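Quick setup: one chain, the form predicted on its own, written in structure tokens, and binding and motion questions come after.
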Amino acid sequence: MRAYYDQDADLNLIKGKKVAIVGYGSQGHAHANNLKESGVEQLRVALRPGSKTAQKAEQAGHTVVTPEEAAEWADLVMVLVPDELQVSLYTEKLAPNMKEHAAIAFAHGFNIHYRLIEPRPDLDVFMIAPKAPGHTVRNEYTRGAGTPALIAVEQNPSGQAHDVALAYAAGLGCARAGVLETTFREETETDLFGEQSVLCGGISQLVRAGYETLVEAGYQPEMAYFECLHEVKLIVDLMYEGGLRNVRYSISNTAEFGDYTRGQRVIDEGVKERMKGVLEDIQSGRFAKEWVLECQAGQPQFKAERRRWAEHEIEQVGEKLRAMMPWMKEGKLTQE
């Protein structure tokens, strides 16, 4: 996989463009502020009328416009709203108003890969996907560092899509760390698989099952919470810092022996086979179709599952225990 760095990018390619950032959430605020501080002077933030985040964007010194106004004005439109909102946004607001031979960019390939959005043939279509939440993209930039990012090109009528995408990534600070080249298909399918089988679906189900196993065996819920949820951060931080070897270097020999001899009894070859089924749903488009239909129906299953998980005992126990650790609020990642 090829990696690009600051010396490979020409920032002037993005500095000379009118750039519209659609959305001002986690990624949107990072993109807008990082690009502005990298010298992109012609930048606007596009939000729907009445958006609660408009004031935040204006306080940061950005001009706030509607998506329609942004599309008419911009040379490059970066779409940073949730996947399920992008189709109607593009169809109703952006496509009818975008200038000929402009560019449209995304931070995730879902709607392009599954052909839910099919941009006009005159438009450059590319992706810049930082491999970190927006707050990290912003924080790393402000301290003079950067987060790695992926770039991909889907349509390139101008012949410059790749170089502009790389310049945009450099404007975010990502070329300080390294920008890797991929495709919309590879980014989408690996991203969805990682979320569903490991990072979100896998971890949450493993934590819940471990907690319930201890509580049902008669152990105190607080003990189960500490051992099966709270300490996950300690292990993940070690993993993030230096991989699995770093974890095993840092834990006790007793824990390491249990890792080798008991972990595979819980996560066995049957899990891997079921993961292949999850991947097949992603590759075939079944998951994408299911999510689109769920959204069209008003997200009844999604909302019911959200409520069910919120009511689980582990959340109530965790809230009580976290109140005993006020230092955890410092540098909080979410602003609920």
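If you're wondering where the values come from, they're calculated on a predicted model, not measured in any experiment. All residue numbers are counted from 1 along the displayed sequence.
The same protein also has a form predicted together with nicotinamide-adenine-dinucleotide, omitted here; what follows describes it.
Chemist: Counting any non-hydrogen atom inside 4.5 Å, which residue from V207, L238, A177, A132 sits next to nicotinamide-adenine-dinucleotide in the predicted bound form?
Modeler: Residue within 4.5 Å of the partner: A132.
Chemist: Just to confirm, with a 4.5 Å cut-off on non-hydrogen atoms, which of L214, L85, V198, L244 contacts nicotinamide-adenine-dinucleotide in the predicted bound form?
Modeler: By the 4.5 Å heavy-atom cutoff, the listed residue in contact is L85.
Chemist: If we define contact as a non-hydrogen atom of the residue within 4.5 angstroms of the partner, is R286 a contact of nicotinamide-adenine-dinucleotide in the predicted bound form?
Modeler: Judged by the heavy-atom cut-off of 4.5 Å, R286 is well away from nicotinamide-adenine-dinucleotide in the predicted bound form.
Chemist: Would you classify A74 as touching nicotinamide-adenine-dinucleotide in the predicted bound form, given a 4.5 Å non-hydrogen atom cut-off?
Modeler: Although nicotinamide-adenine-dinucleotide is absent here, A74 would stay clear of it in the predicted bound form, with no heavy atoms inside 4.5 Å.
Chemist: In the predicted bound form, is there a heavy atom of nicotinamide-adenine-dinucleotide that lies within 4.5 Å of any heavy atom of L80, even though the partner is absent here?
Modeler: Yes, L80 is a contact residue.
Chemist: Would you check, heavy atoms only and a 4.5 Å threshold, whether L116 touches nicotinamide-adenine-dinucleotide in the predicted bound form?
Modeler: Outside the cut-off, so no.
Chemist: Counting only non-hydrogen atoms and a 4.5 Å threshold, tell me whether F126, A149 and G171 all contact nicotinamide-adenine-dinucleotide in the predicted bound form.
Modeler: No: none of F126, A149 and G171 comes within 4.5 Å of nicotinamide-adenine-dinucleotide in the predicted bound form.
Chemist: 218-226, 256-264, 153-161, 107-115: which one contacts nicotinamide-adenine-dinucleotide in the predicted bound form at 4.5 Å, heavy atom to heavy atom?
Modeler: It is 107-115 that comes within 4.5 Å of the partner.
Chemist: Would you mind checking 42-58 for residues with a heavy atom within 4.5 Å of nicotinamide-adenine-dinucleotide in the predicted bound form?
Modeler: Contacting residues: A46, L47, R48, S51, T53.
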